[in-house]
Structure formats: C-alpha cells, structure tokens
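For reference, the chain that follows is the form predicted alone, supplied as structure tokens.
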C-alpha cells in the first residue's frame, strides 16, 4: 500500500503559511526580549530623557544588593513549596479518581474548575479566607492557639501565597496525572496484587515509575509557573510583603521597573531570571530525565 505525499508546487508557500506565527513570535517574544537585554546595559536619567551605556554596572549593583539576594532566596523557597504542594496534592487526587468507577467524571469535572479561575481572583479569594479580621481560617487557628497574621508574619505570608498559587495549578497537574494513570495497563497492578504486593508497594514499584515521564514534564512546567506566572497571585495577596518575605524575583522586576522606574536594573533582573529558568530546565533535562523510565 503506497502512501500519498503532498508536495508544494511553489517553494515560497510553506514560508507564507508559517509567516503569521513567526511574526507573532518575533513581535511579542523575540523583540521584547532583545529590548530587555539591551536595556540591562543602559541607565536612564530620572526623567527618562537620556540614556547612558553603563555595561555590566547594573548586574554588579544587582548582585551586591541585599534586597535582590533576599528575593532570590524567597523565590527558591516559594518555587519549591508551590511545586511540592501542587504536584503532591494533584497526585493524591488523581489516585483517588483512578479508583472510582461511577462518580469519576463528576469528580474530575469539579476538580478542573479551579484552573478556570484567574490568578488575581484566586489570590483575592485566599486573601479573604485568611484575612486576620474577617477570615474563617484565622478564626479557626485562633481557637487552637495560633495567632495568624500574614500582614505581620513573614512565614504566614509565605504559606498563604504558596497555597493560593498551588490551588490554581493543582487542576492542571491533576489532569495530566489522571491521563498518565489511565495509560498504565491494569494487568500490571493486578499481577502485582496476585503476587502479594500491597497498595503501597504497587504504587512505589509500578505506578510511580511508570508515571515518571508525566511527573518529569509537570516538574518543569511547575518550576516555570512558580517563577513567572504567579505575579498576579502575589500582587493580590501580599504585594511582596511583609518586609519582602514574599517578594519573589518576578515581582521585584515589577516593583523596580514600573514602580521605581529603574528600567536598567529591572531589565537586568529579567535577564537573570530568564537565564535561571533556562539553567534549571537544562539541568532537569540533562540530569533528571536520565532517571525517567519511558
């Protein structure tokens, strides 16, 4: 049986077909990134009327700034927290739906809804629930002797933003974990059960290794999500406070660039953040992927 192949009569037609996508990529991605790199080597005056080429001075000032080093540490804690919470809870929920038979569709539909909520809206919702004055959770915590106040305590604020950011991402992770679990042949787990393996042993020796490609993909996605896509959540809940305890790198870029109008430092921070994410992705693909079982 021969396979029919489609050929283009004109050599320019393939390029014309991809031209719109290339234009969008160049205008909205490549050009702003190039502008940020150029601005990171420049410094504007207070009124934005003149620009001076300063070379690597913005980067040198950046890494000598205690506030930036603190933002880097906060970002590490926040990223690890969001990734661990969102992946862990999503896997537990996916395992629960994998054991259901009749109500699995309704259960899945309800768990997907949070992904449709905008990050800013979810941030405001969690801010209300944990508000020290009117929130239900501070009231319950006060009954057990814990004085919750994310406006004064940095640890409380970090917990709040991790929960708010994770809540948005759990649905996304959940869908991939459910798909991964459904792709595992039931005969493998049934054979292990017949051999006497309990639920925990079946999970660690069969389910989790076969889920490693999905877990690896979600690990990369969640790292990028926590470092880039959580600005609205931070802005709606703590605005980087108190005392910079939730001031992650992407929010510091906003503060220095749009509030402080220090475009040179803000551009340098965005370039550093870009290289951090690229480095993490390379490390994950070079080191973690070797332990993934396809």
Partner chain sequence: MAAITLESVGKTYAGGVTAVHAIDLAIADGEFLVLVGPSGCGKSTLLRMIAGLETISSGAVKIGNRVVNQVEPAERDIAMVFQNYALYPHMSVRENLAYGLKNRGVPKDEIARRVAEAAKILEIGGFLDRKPRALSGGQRQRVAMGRAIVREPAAFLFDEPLSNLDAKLRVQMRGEIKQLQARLGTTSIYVTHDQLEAMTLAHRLVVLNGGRIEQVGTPLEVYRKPASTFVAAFIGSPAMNLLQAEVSGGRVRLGGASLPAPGAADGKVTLGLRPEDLQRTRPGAEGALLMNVAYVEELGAQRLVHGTVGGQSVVCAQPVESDLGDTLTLTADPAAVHLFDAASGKRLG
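Residue numbers count along the first chain shown, from 1. Every value quoted in this text rests on a predicted model; they were computed, and no experiment measured them.
As for the form predicted in complex with its partner chain, it is not shown, yet the points below apply to it.
- At the 4.5 Å threshold, heavy atoms of residue 141 stay clear of its partner chain in the predicted bound form, well away from it.
- Remark: residue 155 does not count among the residues lining its partner chain in the predicted bound form, judged by a heavy atom distance of 4.5 Å or less.
- In the predicted bound form, residue 206 approaches its partner chain with a heavy atom inside 4.5 Å.
- Taking non-hydrogen atoms only, residue 201 approaches its partner chain to within 4.5 angstroms in the predicted bound form.
- Residue 192 is the only one of 159, 219, 192, 72 with a heavy atom lying within 4.5 Å of its partner chain in the predicted bound form.
- Residues 185, 187, 188, 190 are the members of 166-190 with a non-hydrogen atom no more than 4.5 angstroms from its partner chain in the predicted bound form.
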